[in-house]
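Heads up, the chain below is alone and in the form predicted on its own; it's given as structure tokens.
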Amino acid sequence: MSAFKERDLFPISTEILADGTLTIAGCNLSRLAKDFGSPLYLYDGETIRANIQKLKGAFSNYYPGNSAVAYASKAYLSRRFAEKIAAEDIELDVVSMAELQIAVKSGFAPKRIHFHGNNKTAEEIHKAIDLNVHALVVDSMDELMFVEKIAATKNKCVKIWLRITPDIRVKTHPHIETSAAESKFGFHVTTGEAKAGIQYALQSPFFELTGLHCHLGSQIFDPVPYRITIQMLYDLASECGYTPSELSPGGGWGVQYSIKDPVADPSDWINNICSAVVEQCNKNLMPLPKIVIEPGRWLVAKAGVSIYQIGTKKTTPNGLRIIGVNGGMSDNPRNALYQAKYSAVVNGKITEKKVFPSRIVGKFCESGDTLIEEIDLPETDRDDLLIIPVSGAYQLSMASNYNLAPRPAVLWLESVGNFELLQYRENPEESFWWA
């Protein structure tokens, strides 16, 4: 296989042919785009399974207690995708009624599901309690008392975690930081609410407080904040005379989106989490808890690839080329929301040496509709295919119908050229919501 500098950003089954075109899992990307149209999203099953095994292997190496990997389904979920994930020996993090219903219908036993969210509806809480999910993750004192009221009407003791916010800053974009003092999430430590929440839950006959949870944010490449957080959680638990049987430091470990991003081994993340938990348990004379991590992006981002068809080109007065594609912020709003950086290749022209600074923009009536601010690409022609790697997380899950754009088709790719349609391309003429 010929090398190209972006190779490590693509799914592990990616190969480049002699003509400069790509295949993933033996599937010709040009053929898939022709048959299913574009924009088109692809998920490589081999990459997802390999990522799951890498995390499990790290736990086996570094932790003598029980552990679990739970997929944060907000990264991307559909009925058929959930069926694929349910076949793996992992748990699931959901945050809405629809995610919960899809999970159960797709084969996830409720005992493998954690229900998160900062403002759960009464309907969602009733459903989670009735299903006996593994943990209802309570987010505030107000919600704790609301859940207790509902549990009392059912005369039922509910298994819960409390989401604790340590009020610390992490190095990431403000919109994906969730642990600072101004965060909307969790029981804040510095206000005393976290301590009060634990004490209240321990005294209530309607709660079984099985664990503590924290989520620092996303795209974190430094394991030190996780160690600090684990120490804070154990200091808090010790102060309350509480021994958690489960502990979840959340997810958020960083993913390389471009070759300029740091490469962070998740084994280092897992190692630090495990050693910090062991250290704190030894210090506080507590038994080891079950550690539950909840990666979403890290499990599926690299497994996903998006394909666009190139259309118009123009040059700005300052000489920057603008290349328009037939998708944009409707299927990937991450650049508009977080100034997210991406890489890209032009199928069939991957190994060309002569390149030009270019901006990749979408087709929507919005100046912020940019996919890539600046990237060096070869000369392009109308109908060339632009392929963007690391497209598996928080793109389709946040997709919209802006300008009434139909959301794209999604395929699951397997070895030896096999693929399966996960989601059909939307058809505005068949949508009752738009009627």
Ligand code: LLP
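As the structure is a prediction and not an experimental result, all values here were calculated from the model. Numbers follow the displayed sequence, beginning with 1.
This next part talks about the form predicted together with this ligand, which is not shown.
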Quick one: from Gly327, Gly197, Gly186, Gly252, grab the residue that has a heavy atom within 4.5 Å of this ligand in the predicted complex. Gly252
Of His215, His134, Lys349, Lys120, which one comes within 4.5 Å of this ligand in the predicted complex, counting heavy atoms only? His215
Give a yes/no on whether Ile230 approaches this ligand to within 4.5 Å in the predicted complex, heavy atoms considered. no
Heavy atoms within 4.5 Å of this ligand in the predicted complex: does Ile52 have any? no
Heavy atoms within 4.5 Å of this ligand in the predicted complex: does Gly296 have any? yes
Should Tyr338 be classed as touching this ligand in the predicted complex when contacts are defined as heavy atoms within 4.5 Å? yes
Options 69 to 77, 123 to 131, 199 to 207, 357 to 365; stretch whose heavy atom lies within 4.5 Å of this ligand in the predicted complex: 69 to 77
Is this ligand close enough to Asp93, Tyr394 and Met398 in the predicted complex that each of the three has a heavy atom within 4.5 Å of it? yes
Let me know which residues along 302 to 324 have a heavy atom within 4.5 Å of this ligand in the predicted complex, or say none if there are none. none
